[in-house]
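Take a look at this single chain, the form predicted on its own, given in structure tokens.
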């Protein structure tokens, strides 16, 4: 043990993170073990590089951004039936699995607990999880199959999520047979001086590594292996907070299969040129998503000969991937982006610090940063009112109120 401790102290000194052991003697034996395990598994070189990167401005001048082709679901005409038949055949052959990213908490909604357990206010009082499971089961019944469901949680909400599902008898699914839970990765949070934060529990304060961690989490947790055992060839990956998400879409599958691409994504038209959303595009010729901060006002306003926005296909986190592509993308970490957040922590003197504003950096990967690794990608434009009703804010745009109205209007309930 002394040898191990000496090695840890040497590592911490090398990266000027000695403060991580300041409160070590006050922790329980179990917590001490957990803290040492955290330290041993922390990539301090990565954290150091991310901190240095956080002080630099992002330079996108070297990136050549061009529009990407798309298909409009309402204008497929004679191709519609062909795509549908191809997709339906694959679904009946049990080639599809649904993956839901559900690592977040409902804090911004004033909800204590995992976001997926949130009740958006329907008369049925169904949670987001139940609304998604209803749709999955209905589609499975339509095609005579049970569509396996993989749910990505976080360290923060994993236990509560599984408890919620157990309490609700997994909404008719069978745990470890056709419904599976796995945790996304985490990275330490750091202060503005590059020091890793200690949380109120005396352990390293970590934050989930963003939705871009989905590929690595699927591979590391053995989920893609499980999918292969089930005969799955395609994964639909979507967020838990979109109550109108269509995880089973034969048109999207048919397009991907017929066009021989390893991924397909859904888009909705930007509400206006200034809408703060990422849009599908090509970066240096490869499929990608460009953030609203990365394009000029001129590009945001540009229209084609039909008067439509050239960069108007909003990325709505509804993507279909071939399992080979997921395993390839999950074999190495994506680049991390920096977010400046508010974080309560324990200082070097053992005092709890509750900041008034953002005081710490967290690092997260974006799912679409992996698109450039793909051979190509098909984009399908769908109607916002039919497939996109996110619950992100407590009120106003993308709130329970707007999602509830869209849901009720679409399902006529």
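Small disclaimer: the values here were computed from a predicted structure and weren't measured. Residue numbers count along the first chain shown, from 1.
As for the form predicted together with a small molecule, it is not shown, yet the points below apply to it.
Interface membership of residue 107, defined by any non-hydrogen atom within 4.5 Å of the small molecule in the predicted bound form, is confirmed. Contact check for residue 334: every heavy atom lies farther than 4.5 Å from the small molecule in the predicted bound form. Residue contact with the small molecule in the predicted bound form: residue 115 places a heavy atom within 4.5 Å of it. In the predicted bound form, the small molecule sits within 4.5 Å of a heavy atom of residue 341. Stretch 204 to 212 is the contacting one of 142 to 150, 188 to 196, 282 to 290, 204 to 212, since its residues have non-hydrogen atoms within 4.5 Å of the small molecule in the predicted bound form. Among the residues 98, 251, 243, 102, the one placing a heavy atom within 4.5 Å of the small molecule in the predicted bound form is 102. 317 is the sole member of 309, 120, 323, 317 with a non-hydrogen atom within 4.5 Å of the small molecule in the predicted bound form.
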